[in-house]
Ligand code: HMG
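To begin, one chain is listed below as C-alpha cells, in the form predicted alone.
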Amino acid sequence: MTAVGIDAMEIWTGKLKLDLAETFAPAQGDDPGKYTKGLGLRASSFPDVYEDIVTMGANAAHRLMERKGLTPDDIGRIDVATESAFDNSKPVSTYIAGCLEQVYDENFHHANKGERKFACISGTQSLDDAYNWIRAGRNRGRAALVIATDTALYARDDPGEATQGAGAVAMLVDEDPNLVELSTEQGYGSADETDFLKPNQQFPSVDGKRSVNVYLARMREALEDFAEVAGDIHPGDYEMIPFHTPFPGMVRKAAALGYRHIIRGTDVGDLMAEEIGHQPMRSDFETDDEFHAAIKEYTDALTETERYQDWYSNAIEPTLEISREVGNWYTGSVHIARASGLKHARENGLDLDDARLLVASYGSGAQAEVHAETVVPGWEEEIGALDIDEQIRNRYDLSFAEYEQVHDVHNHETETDVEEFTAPENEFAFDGWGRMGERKYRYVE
C-alpha cells in the first residue's frame, strides 16, 4: 500500500508581537510569571492591519507551492480549516485560491474546495479528508493543499486574552510523502459539550475550568479508542507526542494524563508502582470525590519522578517551543507542535528516520483525535526549509497602546482607522471591500 502523508509544510505567523511579560503583564497589573510559568507563554502573534486569515493562509500556501515547484494543476483540492471565518456561505478556500491565481498563469477551477469547522480539531479533520481522498483513488495524481488559518482573538479582559495568537500552517498531502506518513488507525473521543463556543459572535464564550476538564476527558477517550485499534501503547513507542496546544500549561496536564494511561500494564508501570505505589482504581473508593482526590495525589507524585520528567523533556517539551512565542493558533496549533518537535530534533542532530509520533488533536464542542505518524527519511530537508525563527524575530514589537489599537482593528464590531505597523512585501494583503461587502486582496511585490 502506497504511503500517504504530509509531503511538506509551511508556517506563516502574524507580523506583530505582544510580549506578555514585558508589555501585557505590567498593563494588567499582573506578575509576569502568571503568563510565562502558569500558561507557559512568552509572546503572542497578531495580524497587522492588512493581514487576516486569508492573507496568512494564502502566503503560507504560496510559499509552499513555490518551494516545491508546484502549479495549480498539481493541486486537486484545497481544504481550509478555520474557526475565524467571516462568511457563512463562501468558504475561505475560495478566497485563498483567488489570491493564488493572481500569481500563477493557471487557475484552480478544477480543484475541489471546502472549509472545515469543528473548533481547533478541524485542521486535523481536513488532513483526514485529504488522506481519505487520495486513498480512495479520487485524486487523479494530484496532491491536496490543507491550510489551517486562524486569528484567536478574545474580548478585552477575558481570561483567555493572554493566549491569543494568529497564523497559518499550509500542508501538502500526497503519496510517498517527504515528511511524515499518516497511520490508518485513529482513535476518537467526542461528546456534545459547551466548554467553548461562538454562537453568532466573534469572541468565544468560555467556561475555563470546564474547558480544561472536557479537553482531558476527550483526550483520554481518544487514547483509549486508539489503543483498541492500534494495540497496546508503551511510552517508548513514540519519539514525540504533539498535542493541541491552546497554551503549554494545558499540555502539561494532558501529558500527565496520557502518560498515566500508557504505562498501565507495562514494565514502566511496574517500576512506577515500586516508587510511588499503584495507580488508584475506582473500585477501591466509596465515592467519586475520594477517587479523584487519590488520582490527583498519584498524578502529582508521578510528575515529580525523574522517569516522568525525562520522558516529558524528550517527548513533549520540544513540541512547545514555537507555541511559547506565538500563542494559540486554534486549527493550526497541533500542526505547529509537530513542526516544533521535528525542528528541535533537526537542530539537535536527533535521528528520527522511521521514528513514530503520536499526534493528539482536540476541538472544543468537543472532540479529540489520536493518530500515529511515521517520520520519513529526508524529513530534515523539509523542516530545514522553514524560516519560522526568522519570522518570529522580525515581528513588530507592540506597545500596549498599539496592542489596543490592533485589537480594535480586528474586532468586527468596531471601525478603527490605524496605520500599518509593517509594510507588506512579496505577499498577499487585504485591499478593501467589494461591491457585495466581500473582502478583496492583492499581491504586493
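All residue numbers refer to positions in the sequence shown, first residue = 1. None of these values were measured; they are calculated from a predicted model.
This next part talks about the form predicted together with the ligand, which is not shown.
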query	finding
Listed residue (206, 227, 85, 256) with a non-hydrogen atom within 4.5 angstroms of the ligand in the predicted complex	206
The unique member of 390, 31, 397, 417 whose heavy atoms fall within 4.5 Å of the ligand in the predicted complex	31
is_contact(residue 163, the ligand) in the predicted complex, heavy atom dist at most 4.5 Å	yes
4.5 Å heavy atom contact, residue 243 and the ligand in the predicted complex	no
Proximity of residue 39 to the ligand in the predicted complex, heavy atoms at 4.5 Å	yes
Close approach of residue 341 to the ligand in the predicted complex, 4.5 Å, heavy atom	no
Answer range among 309 to 317, 182 to 190, 165 to 173, 323 to 331 for contact with the ligand, defined in the predicted complex as heavy atoms within 4.5 Å	323 to 331
Triple contact flag 108, 112 and 141 to the ligand in the predicted complex, non-hydrogen atom at 4.5 angstroms	no
Neighbours of the ligand in the predicted complex among 352 to 373 [non-hydrogen atom within 4.5 angstroms]	362, 363, 364
